[in-house]
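Take a look at this single chain in structure tokens; it is the form predicted alone.
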């Protein structure tokens, strides 16, 4: 059996956590990632019948029965993932309709998955209903999106339009826009349910005064999605207090949508 530390999905996860920490998105133990894997991927590196222990999940998600996830641990620092992946990450299988996770590898110090694991699982379930190829849920605290949630209207249309107008590529990368939640207590099923509901219409959900949830088909795609929105928020925060002399007009945004063959969120642009 192959060495799991050399598995592409572990190598990717380690690199991603390290990169996110370097970007300043995951201070201390802030942020979490879950990466859905196939049984075939896992079976190359682990005996899937060898369960180390079981961990209650605190929720139900029958649609995820039998699914495998590589997930970051609770209380773990992203900066340490590269040095001790087997402590800071865990590979689990969902059983009992989502109520229980079987640990197959990792969390070697007796730890468990992130406290926001239920929120991740709810978002996975919601996105699989929209896109069967979705594999990643990523939560982090990008400073400019966080700052923007203090000074900008939380109306989803207004928030999205501002981001689209800050950078040409935004409407191409997230044409469905950005959904926004007001401040809610994190680590609860309530915020997980609210996030999952928002995931039905967008791949980015801003948690006001906290951070962002992003989803995608790969770690790279999900990272790039958040990175693009964060860059736009940075430009906004650098310019919002200044006289705005130029902007990307709705006409220009329609041109971008037509050229790149994407469909903007209905009602978010002025009618042509």
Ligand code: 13P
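Numbering follows the first chain given and starts at 1. Since the structure is predicted, the reported quantities are computational estimates derived from the model, not experimental observations.
One more form of this protein, predicted in complex with this ligand, exists but is not displayed; see below.
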### Query
Any idea which of 146-154, 192-200, 107-115, 80-88 reaches within 4.5 Å of this ligand in the predicted complex, heavy atoms considered?
107-115
## Note on the structure
Checking 228, 208, 54, 29 against this ligand in the predicted complex, the residue with a non-hydrogen atom inside 4.5 angstroms turns out to be 29
#### Entry: Partner-contacting position among 124, 76, 93, 161 - heavy atom within 4.5 Å of this ligand in the predicted complex
76
### Message
I'd like to know whether residue 141 contacts this ligand in the predicted complex, with contact meaning heavy atoms within 4.5 angstroms.
### Response
yes
